[in-house]
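Okay, so here's just one chain, in structure tokens, the form predicted on its own.
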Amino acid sequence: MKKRITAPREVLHELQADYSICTKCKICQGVHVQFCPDARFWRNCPAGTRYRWDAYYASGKMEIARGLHVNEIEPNERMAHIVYSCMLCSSCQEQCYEVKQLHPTRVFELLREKAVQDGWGPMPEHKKLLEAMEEYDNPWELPKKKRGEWAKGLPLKNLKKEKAETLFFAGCTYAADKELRNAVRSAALCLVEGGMDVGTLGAEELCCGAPALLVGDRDLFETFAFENIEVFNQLGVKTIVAPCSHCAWVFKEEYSREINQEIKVMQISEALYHLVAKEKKLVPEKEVRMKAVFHDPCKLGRRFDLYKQPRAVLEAIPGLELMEFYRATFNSLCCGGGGGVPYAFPDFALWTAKERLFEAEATGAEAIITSCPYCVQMFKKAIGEKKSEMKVYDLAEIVLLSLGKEV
């Protein structure tokens, strides 16, 4: 097997003990019901709930992995649809690991890698993203010269010209989507207001590679990982802060073996937690009067167990009444933006986002706060589709607002 430059990772057949002993108990189809007060919200697998066929649940995909392993089945279009409509939200693994210590999410990630290697994956729409990554160094066809435009006018250092202790890695989605401009600028400015020495790579920033990894193209992912790791190790920074939960995910999980071990990687919610709740270097004083629920991004919550940190930040905001979804923290429902699903199956992704929006409205909240660009995008689409009065904010926007600052 080819040497991997990033974190050690199995190939699918090495997890045969997981997919071969799945007993189809169907615990993966719901939440931890003892922590969810309303039976209306007990189901938590978007694909299984939407398509109403057992193959779309985790147990069905585990059977697909087993069937491929023993050559009982052949890949076809339906199988590709099942494998790539999974949002990789890890809700199934949240349930299953507690009882059986199985790793369905890891199986599905490796199942996608096998699909790419064997030629029946990814979906055609995903191939367009990968082609854009190769041509533009990002999946959104953002010209390189415009990569750093989001930071115009902010007091940030250019790390290609001068040293700084902290690299603020904006990520492709925050850099490309102008509707997220206020969020990413707020995040960077919060760090500066907290006394951190912050710089960016500007137009030289590359994609973290996460989109390629999500759809199973590990070779392309490692091309980006290799270049980023070289840059990070040469910068001399002590900390990397990523506002995008997907960037933080691959930096923490996949880059960890090769990145300088003295560099600490934090998602923005972690950094804000230290500045607001622990070190008190940011003191929110301006009231932000709203009833809000915090939506846990899948990579931030179930991947890194970062649940208390963003809530501690919000609890420090004067005037803000923090509420909870019925499916909260480890029970959270995906926003619909996970696993590359919005690009191959946009109607299904929107269906999921509307379900989460319905749940937010059911709590009586006025706003959804989260800490992931894909979550913000999906909620904005759902709000527009339903003509809802719900508001959606990035966590950093609320913090900056409470500091009385503007971007």
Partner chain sequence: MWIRDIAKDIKERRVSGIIWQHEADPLHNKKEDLERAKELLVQALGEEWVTDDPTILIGYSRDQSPFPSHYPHLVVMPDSTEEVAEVYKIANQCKVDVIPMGTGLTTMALHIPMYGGIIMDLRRMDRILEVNGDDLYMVIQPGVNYLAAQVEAQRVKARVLNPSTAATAGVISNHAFCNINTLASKFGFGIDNIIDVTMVLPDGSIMKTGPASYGAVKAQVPGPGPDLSSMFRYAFGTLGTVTEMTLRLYPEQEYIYQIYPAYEKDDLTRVIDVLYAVANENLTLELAHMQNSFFGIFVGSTNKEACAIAKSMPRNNFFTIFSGTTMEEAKLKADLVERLILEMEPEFDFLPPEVMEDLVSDLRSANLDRWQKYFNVTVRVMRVRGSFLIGALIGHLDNFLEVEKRMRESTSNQIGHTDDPLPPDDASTYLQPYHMGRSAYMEYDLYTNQGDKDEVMRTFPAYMRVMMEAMIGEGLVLACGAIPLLKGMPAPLPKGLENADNLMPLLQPNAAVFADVFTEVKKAVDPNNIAARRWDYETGLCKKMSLI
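Positions refer to the first chain, counted from 1. Bear in mind the structure is a predicted one, so any value in this text is a computation, not a measurement.
A second form of this protein, the form predicted together with the partner chain, is not displayed here; the remarks below concern that form.
In the predicted bound form, no heavy atom of Leu350 sits within 4.5 Å of the partner chain. In the predicted bound form, at least one heavy atom of Phe330 sits within 4.5 Å of the partner chain. Using a 4.5 Å cutoff between non-hydrogen atoms, Gly338 does not count as a contact of the partner chain in the predicted bound form.
Using a 4.5 angstroms threshold between heavy atoms, Thr363 stays clear of the partner chain in the predicted bound form. Every member of the trio Tyr19, Gln29 and Arg66 reaches the partner chain in the predicted bound form with some non-hydrogen atom inside 4.5 Å. Residue heavy atoms within 4.5 Å of the partner chain in the predicted bound form occur in exactly one stretch of 191-199, 254-262, 79-87, 136-144, and that stretch is 79-87. Residues of 29-54 lying near the partner chain in the predicted bound form, listed in sequence order, are Gln29, Gly30, Val31, His32, Val33, Gln34, Phe35, Cys36, Pro37, Asp38, Ala39, Trp42, Arg43, Arg50, Tyr51, Arg52, Trp53, Asp54, the criterion being any heavy atom within 4.5 Å.
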